[in-house]
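This document opens with one chain alone, in structure tokens, the form predicted on its own.
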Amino acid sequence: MSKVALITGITGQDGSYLADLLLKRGYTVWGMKRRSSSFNTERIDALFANDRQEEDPRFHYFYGDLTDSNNIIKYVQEIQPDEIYNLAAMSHVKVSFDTPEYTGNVDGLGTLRMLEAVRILGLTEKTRIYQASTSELYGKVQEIPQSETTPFYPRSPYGVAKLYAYWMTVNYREAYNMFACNGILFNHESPVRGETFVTRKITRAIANISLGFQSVLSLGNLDAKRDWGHAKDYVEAMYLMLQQDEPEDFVIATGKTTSIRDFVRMAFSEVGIDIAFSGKGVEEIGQIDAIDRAKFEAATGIEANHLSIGQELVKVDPFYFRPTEVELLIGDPTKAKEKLGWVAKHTLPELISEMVACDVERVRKNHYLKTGGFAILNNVEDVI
């Protein structure tokens, strides 16, 4: 019989990639999604549609919420999962400062509710639990790079709530002999990353600017550095953690760090635009230094007649600054490599190239399908 997995946050970036991976490995997958008045299943629609054509469908989802204990217990009891991947969270770092109580309820207590459901239902020997931890636990970093033994120092309500969830997972593992582990995942992106996350905001804006639907990309702290990988690689690490003989916590990262400023340069380069930055602090701007017009036309399908040398395309807006900033994150994935056999397969240039190309194609399609312009992302908070 195939294994049964329950994934919370099934409609998110990681949930969709993980569901695809598990289905390909023969799992039956149940996903929990929050009810919304608008459709939010785009990332899993293809998986669901393809699976419905099978005689014995293996992909299902149900409405639920990590703030509802009864709902969690009900479905864990009905599904009897072999593996639970708790990916759901209020994951917007800046917004967590505005909604700290809600963030703590979902990201912190939500994890406790899932652990308790498994314990109460007597599934501690059957069900293995993966808890989605985060590099935001390190916050004001105490050492470089950050490993499983690096002290935590979270710098946001999101990070603090995830810290509670991390230690609660460890506590239930030790107190009740549960197979429960934390994946301390550093930033991981993809073409289906949410548009409020800074990487996707950048690539989406480049597509809009290149095709003439946006003039300037507004960002916050350009000096912030992150360890960026591809979500496809990272969900494989989640799966591997639950296949081990003993539960342990793992850092999942590339071991390389890049600034927001350099990410912007690399992303614009994908459409043949070289960006030169000048000024400091809130006065810093990014201007066109050179245009490879042949590369631009190959990437976008149009000529760069609306762009010119010296044109300002990037600016800093204090609106996107956080009350407490996390300046540098870089993970040490040595343990994951040695014990899981895991290594990141995708490089950052490959990831950026994929994201820019996908967003250019999306914007081009929208141009033909819609009227009235495009959503400009300058009013969206940066999430990194």
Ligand code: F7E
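Throughout, we count residues from 1 along the sequence that is shown. The model shown is predicted, which means the values in this text are computed figures rather than measured ones.
What follows is about the form predicted together with the named molecule, which we do not show.
S.K.: Is this site open or blocked for the named molecule? Place it by superposing the surrounding C-alphas onto its pose in the predicted complex, then apply the 2.4 Å backbone/C-beta contact test with a threshold of 3 atoms.
M.R.: Site status: blocked.
S.K.: Looking at Gly108, Gly220, Gly286, Pro157, which is the one with a non-hydrogen atom within 4.5 Å of the named molecule in the predicted complex?
M.R.: Checking each option against the named molecule in the predicted complex, the one that comes within 4.5 Å is Gly220.
S.K.: Counting non-hydrogen atoms within 4.5 angstroms of the named molecule in the predicted complex, say which of His92, Lys295, Lys232, Arg119 makes the cut.
M.R.: The residue from His92, Lys295, Lys232, Arg119 that makes the contact is His92.
S.K.: If contact means a heavy atom within 4.5 Å, which one of 143-151, 128-136, 241-249, 207-215 is the stretch that engages the named molecule in the predicted complex?
M.R.: Contact-bearing stretch, as computed: 128-136.
S.K.: State yes or no: in the predicted complex, is some non-hydrogen atom of Arg58 no more than 4.5 angstroms from a non-hydrogen atom of the named molecule?
M.R.: Residue-level check for Arg58: no, no contact with the named molecule.
S.K.: Using the partner position in the predicted complex, report whether Arg173 sits within 4.5 Å of the named molecule, counting heavy atoms only.
M.R.: Judged by the heavy-atom cut-off of 4.5 Å, Arg173 is well away from the named molecule in the predicted complex.
S.K.: In the predicted complex, is there a heavy atom of the named molecule that lies within 4.5 Å of any heavy atom of Glu325, even though the partner is absent here?
M.R.: The answer is yes: Glu325 has a heavy atom within 4.5 Å of the named molecule.
S.K.: Any chance Ile260 has a heavy atom within 4.5 Å of the named molecule in the predicted complex?
M.R.: Although the named molecule is absent here, Ile260 would touch it in the predicted complex, with heavy atoms inside 4.5 Å.
S.K.: What residues of 166-197, in sequence order, lie within 4.5 Å of the named molecule in the predicted complex by heavy atom?
M.R.: Heavy-atom contacts to the named molecule in the predicted complex: Leu185, Phe186, Asn187, Arg193, Thr196, Phe197.
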